[in-house]
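Below sits a lone chain in structure tokens, taken as the form predicted alone.
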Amino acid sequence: MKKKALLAVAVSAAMAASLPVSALAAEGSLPRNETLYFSGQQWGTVNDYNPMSPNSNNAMVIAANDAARTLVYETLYMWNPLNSQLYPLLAAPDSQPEWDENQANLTVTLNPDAKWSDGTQVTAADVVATVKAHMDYETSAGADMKNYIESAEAIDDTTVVFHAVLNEEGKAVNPLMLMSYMPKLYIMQEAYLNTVAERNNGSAEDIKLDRMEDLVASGPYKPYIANDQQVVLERDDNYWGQAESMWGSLPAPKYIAHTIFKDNAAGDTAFKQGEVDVSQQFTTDIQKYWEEQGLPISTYLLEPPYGICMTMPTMVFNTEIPGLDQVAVRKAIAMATDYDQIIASAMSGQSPSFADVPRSIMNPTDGEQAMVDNDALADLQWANKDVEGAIAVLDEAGIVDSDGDGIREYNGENLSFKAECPQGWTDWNAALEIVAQAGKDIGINIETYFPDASTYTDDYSTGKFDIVCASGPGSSIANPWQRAMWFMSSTYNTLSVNFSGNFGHFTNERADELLALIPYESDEATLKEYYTELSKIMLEEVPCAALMYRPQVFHAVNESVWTGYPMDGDGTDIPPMDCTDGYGIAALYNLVNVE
């Protein structure tokens, strides 16, 4: 961004600020060579800095997903999807969470160097207070947490024990889900939580709505500007992470900034012009930026699919709908679909093909692929657009076109279904049009249906659909188990409103048995057997079929101001997670200015 434009934006931002603005910000001084600009994450004005809030709309500060964003608040560990490993953050160096022999209590040791922004030590009491606050105030995280964590206990300043909710055998009811909080639970200071409680007279609802503008946190950045034009974080030069027990230095950018663009097109234009350094937006044919336009733009992989794909937008069949309750119909639709066309058109090649990564319950990462025996599944992993094979499956099942109208019947009724996803989700819209064509090729009428997002959400969560496109869990410490649950677990089938998974009410007793065994199993060979068997069930009975592989976050960088971003094969093991998420934040310590 040119100096005059930067000054105008910053001054306007200062005038419009809804949260505190420092004197430096008011002067409009954000040095370009000290500021890392983002796009594709923050849409609209920040509401608050409260990790317990029901709607912070504060993407740069509060994004407590499986690989949490830790610029301001920090977690005990950082998740790395490249190798499926936890890296200590607030936890002690080289440590891992440790279960007792009964798998009932999980112990975490803290790094004694960890400090809050007010200079006091991060202690086990803070961890306990965080867990208790979520549970006592019934936050959304706390409501889920209560299913797996009975309580947390401070043994001493640096030792905290998570006591699990136990099953009838006296073991954690789900050790994987308890472990999943290690890299995504933002730890808050006990003393500050007490301050917030006091000024809100102990009211849970008011506490959850407190804006926490005076927050105390442990991360490398602190709030600086927040208004309807931009969000800026400023580096805390007293950040504890420069200790030798952690990073050993401060992150390179002094400022983290995100302009609030009106849409993806505006963000993409700024990215091409070098006004954005890190883009978390899907860009069609992104390779043209460097191949045809010669721009200093790059992605983690220099060849297709350009990013690390961890999620799988999936075609889910409602197995309670007449016709779709037949395996032959579901399998035929899945077999006849042209996935190569979906990848080429909807994803512009930014997905591995199913020939490259054969379908199973696993995402394409090396860590997950090592957990399934693809050779044992080869005969079930259908080829791309196998129209002849799909027709043979239907004919063998006796599902034929008996009246000559071009549409096959089941129990005397034409096979006719709607394939649904939200209007404007262009890649998914394109994918379902290709599914509809597959239906036409095999004598099944499939019409696309693209309602508004709220209607779509209501439809899939209440089972009011035929075929729906949805995207399950990506990469986390609880995956691939959590994704297998999403694909096939009948435990969700009794929910009147279901956001958890298996929206099509598929039921398989053996799948449920395997899903119950996996959280307690630690032997890698046995886990591989279980996941291979689950994949076999999914491929044989086809409750759903992945349409493409897709990045958990998009990560493209413009190197006109900063360089040193993580790249495949650079030996750092830093994942392409926008320099902010999970172990991806390690990238901030490797950045250097372009001279």
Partner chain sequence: MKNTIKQAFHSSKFVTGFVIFMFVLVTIFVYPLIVTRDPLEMVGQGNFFKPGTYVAVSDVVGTNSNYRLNVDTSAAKLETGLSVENRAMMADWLEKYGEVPASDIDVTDAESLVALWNEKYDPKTVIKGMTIAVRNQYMRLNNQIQHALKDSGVIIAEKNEETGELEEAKSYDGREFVNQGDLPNTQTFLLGTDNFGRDVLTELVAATKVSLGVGIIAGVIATIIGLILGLLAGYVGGFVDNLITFITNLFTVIPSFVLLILISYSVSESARGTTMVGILIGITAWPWTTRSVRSQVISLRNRDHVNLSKLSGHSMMRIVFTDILPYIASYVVMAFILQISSGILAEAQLSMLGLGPSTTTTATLGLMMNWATQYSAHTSGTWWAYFPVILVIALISFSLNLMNTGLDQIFNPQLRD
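Superpose the two forms; the largest set of C-alphas matching within 1.5 Å is the rigid core. Residue numbers count along the first chain shown, from 1. Not measured: the values here are computed from a predicted model.
What comes next is about the form predicted together with its partner chain, which is not displayed.
Trainee: With its partner chain left out of view, which of 496, 454, 293, 201 would have a heavy atom within 4.5 Å of it in the predicted complex?
Mentor: It is 293 that has a heavy atom within 4.5 Å of the partner.
Trainee: Since exactly one of 448, 158, 471, 139 fits, which has a heavy atom within 4.5 Å of its partner chain in the predicted complex?
Mentor: Going through each option in turn, the one that passes is 448.
Trainee: For its partner chain, considered in the predicted complex: do all three of 434, 565 and 594 come within 4.5 Å of it, counting heavy atoms only?
Mentor: Contact check passed for all of 434, 565 and 594.
Trainee: In the predicted complex, which of 44 to 52, 533 to 541, 59 to 67, 555 to 563 comes within 4.5 Å of its partner chain (heavy atoms)?
Mentor: The contacting stretch here is 555 to 563.
Trainee: State yes or no: in the predicted complex, is some non-hydrogen atom of residue 297 no more than 4.5 angstroms from a non-hydrogen atom of its partner chain?
Mentor: So residue 297 counts as contacting its partner chain.
Trainee: Considering only heavy atoms, tell me if residue 285 and its partner chain come within 4.5 Å of each other in the predicted complex.
Mentor: Residue 285: yes, in contact with its partner chain in the predicted complex.
Trainee: Should residue 407 be classed as touching its partner chain in the predicted complex when contacts are defined as heavy atoms within 4.5 Å?
Mentor: Taking the distances in the predicted complex, the answer for residue 407 is no, it never comes within 4.5 Å of its partner chain.
Trainee: Would you please decide whether residue 302 lies within 4.5 angstroms of its partner chain in the predicted complex, comparing each non-hydrogen atom pair?
Mentor: The answer is yes: residue 302 has a heavy atom within 4.5 Å of its partner chain.
Trainee: So, does residue 267 move by 2 Å or more at the CA between the shown form and the other one, with the core held fixed?
Mentor: After core superposition, the C-alpha of residue 267 moves less than 2 Å between the shown form and the other one.
Trainee: Using a superposition on the rigid core, decide whether the Cα position of residue 211 changes by 2 angstroms or more between the shown form and the other one.
Mentor: No.
Trainee: Superposed on the rigid core, does the Cα of residue 119 end up 2 angstroms or more away between the shown form and the other one?
Mentor: False for residue 119: its C-alpha shift is below 2 Å.
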